[in-house]
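For reference, the chain that follows is the form predicted alone, supplied as C-alpha cells.
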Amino acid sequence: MEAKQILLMKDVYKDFPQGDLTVNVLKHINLNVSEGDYVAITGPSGSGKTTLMNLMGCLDTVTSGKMIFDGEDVSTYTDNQLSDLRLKKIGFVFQTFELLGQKTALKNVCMPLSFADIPKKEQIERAEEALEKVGLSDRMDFRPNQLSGGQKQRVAIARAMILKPRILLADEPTGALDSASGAQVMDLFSKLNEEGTTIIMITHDRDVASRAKRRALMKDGILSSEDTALVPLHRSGEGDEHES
C-alpha cells in the first residue's frame, strides 16, 4: 500500500521586500514527503534552508504556489489556523534546544500538553514516558543547566514528540553537540523513524545527512535531488508567471 502524503510543496516561491526591491529567496520549490519518510536537506549558508524550514513548519506562508500539509491546503491559512496546526501536527527540534532554563526536564516536556488542555496528571504521565523513551528517566528533575548538550537535545526531542505530531522538523539538531553526543541524537532519530515518525532535517553536515533515507540539496533558493519522487522535476514553462 502506498504511503500517505504528508507534505507537498508545488512551485512555491518566497519573496521578501528589501527597500524598493523584492528578493526572491525561494524559487520553484517542489517537494513531496510521505508518511514514514526521513529526509535530509543540505546546502551552504544563505541558500534558503531556514526559510524553507519556516514554510514547512507553518511558521511563515508562501508568496505563491501551493503547500499541502496532511491533505489540507495551508497556503492561505490564517495565523490562528497555522498556530493550531503547528501545535497538533508538527514537532520542532532546534540547534539551540529552546528549553526553559527555570523548568525541569519534565516540565519542559509537559509544555505542549498544557497548551493542548491535557489534564495535569496525564501531562506528567505522558512526559515521564517520553523522557524514558529518550533515555532520560534519571534526569526528569534536572534543569537545563544541569544537563549536557546531548541530554538537552534529547529533552527537546521528547518535547517535540509528546503530542505525536504528523511530522518532526529538525533544524541543525547536532550543530551544537560534540561528535559523540551528535551520534547519540542521530541514533535516536533513526529509532523514531523506524517506529514510523516522519522526519525532515536541515543540516550542513553531510555525515549527518547520510543517516537519512533521502537527501535534497538547497542552493541559491532552489531545491534539487536525484530522487524525483522527493523533488518532482520542474517542467519548462510551469511557474514562469510568478511575479515579484
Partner chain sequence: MKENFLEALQEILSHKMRSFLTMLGVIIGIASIISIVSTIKGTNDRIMQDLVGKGNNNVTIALYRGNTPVDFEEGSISGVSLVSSGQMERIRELDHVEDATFFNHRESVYNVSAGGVLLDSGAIYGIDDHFLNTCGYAVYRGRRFVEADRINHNKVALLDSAASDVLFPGRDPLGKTIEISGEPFIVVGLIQKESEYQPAIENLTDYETYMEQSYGMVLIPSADWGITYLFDEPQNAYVRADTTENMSAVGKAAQKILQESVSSSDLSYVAEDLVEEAKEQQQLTASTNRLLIWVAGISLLVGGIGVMNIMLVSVTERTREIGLRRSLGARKRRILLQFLTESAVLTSLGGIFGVLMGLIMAQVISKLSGVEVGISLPAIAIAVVFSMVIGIVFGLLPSIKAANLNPIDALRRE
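This structure is a prediction, so every number in the text was calculated from the model and none was measured. Positions refer to the first chain, counted from 1.
Omitted from view is the form predicted in complex with its partner chain, to which the following refers.
For the options 102, 137, 76, 146, the one in contact with its partner chain in the model of the complex, meaning a heavy atom within 4.5 Å, is 102. Out of the listed residues 84, 72, 141, 125, 84 is the one that sits within 4.5 Å of its partner chain in the model of the complex by at least one heavy atom. Contact here is defined as any heavy atom lying within 4.5 Å of its partner chain in the model of the complex, and by that definition each of 111, 114 and 159 is a contact residue. Segments offered: 183 to 191, 58 to 66, 27 to 35, 215 to 223. Contacting its partner chain in the model of the complex at heavy atom distances within 4.5 Å is 58 to 66. Under a 4.5 angstroms non-hydrogen atom cutoff, its partner chain in the model of the complex has residue 120 among its neighbouring residues. Using a 4.5 Å cutoff between non-hydrogen atoms, residue 51 counts as a contact of its partner chain in the model of the complex. In the model of the complex, none of the heavy atoms of residue 132 sits within 4.5 Å of a heavy atom of its partner chain.
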